[in-house]
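Given as structure tokens, the chain that follows is alone and in the form predicted on its own.
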């Protein structure tokens, strides 16, 4: 008999993750705010639910992949939230990019309810999720991590443990997304500098990506930035701005000066202010730099 998992959130990342769980033999009780999105999963092994509470009912595991702190908090603690039905000893695996404070808060609420919360944010764009190539960062109670491991192992290329402090994996995720944003800003500025001086920005990108900066971020994002390739949208600029806000807030509460956070925060805020919030964050950064350069 197939194990049933609750699943909440079918965005660009949630959909391929859900499809991989189905392909691995799990049955899913699925809730998504736009219910018609559930139809994209097909009918085999899928139960359509009307609320997060319904998706979390009578299961040992529920996975959420939601856009931000407030949406996750409401889906967990609201009138139709996960905690209304999640049974004792069940595990809520949260794959969202949120603040460590929110993770700690939700972990306490789960503990009070007799269930467990596991922080499990991921690195990778939708195509990586579809190919089971995500890097999954986890933190929380040791028993909870052990119990969730078989599910997580079928979703990514590695699961990396960042300790028993629930918010630890979220700090890693925020730090990592900051590094991606900063790298994109740096590449966009460098390749636009080359373009302004009559050079082929694609050739410059290929040179750096195969020599001094021969790493996936510079090769993959570098190619998109150099070619000004902004479709398909994998991660929206408004979500990038949300992550920049998280990094900025964490730097302030940690009393950690991060001058580059100000740069990427303002870059993505500008993109949202210009009406580019639904575009890929590569466009939010790269197009912004090109605009500033008069190109």
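Numbering follows the first chain given and starts at 1. Remember, predicted model here, so these are calculated numbers, not experimental data. Rigid core here is just the name for the largest C-alpha set that superposes within 1.5 Å across the two forms.
The next section is about a form of this same protein that is not shown, the form predicted in complex with another copy of the chain.
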Residue (of 83, 152, 130, 182) lying close to another copy of the chain in the predicted bound form, criterion heavy atoms within 4.5 Å: 182
Proximity to another copy of the chain in the predicted bound form, single hit among 109, 71, 172, 224 (heavy atom within 4.5 Å): 172
50, 57 and 235 all contacting another copy of the chain in the predicted bound form, non-hydrogen atom within 4.5 Å: no
Another copy of the chain contact in the predicted bound form: residue 75, any heavy atom under 4.5 Å: no
Partner contact for residue 141 in the predicted bound form: another copy of the chain, 4.5 angstroms, heavy atom: no
Residue 255, heavy atom within 4.5 angstroms of another copy of the chain in the predicted bound form: yes
Exercise: residue 67 in contact with another copy of the chain in the predicted bound form, heavy atom 4.5 Å: no
One stretch from 112-120, 85-93, 144-152, 130-138 that, in the predicted bound form, holds residues within 4.5 Å of another copy of the chain by heavy atom: 130-138
Sequence-ordered list of residues in 72-91 near another copy of the chain in the predicted bound form, where near means a heavy atom within 4.5 Å: none
Did residue 23 shift 2 Å or more between this form and the one not shown, C-alpha, core superposed: no
Core-aligned CA displacement of residue 11 at least 2 Å between this form and the one not shown: no
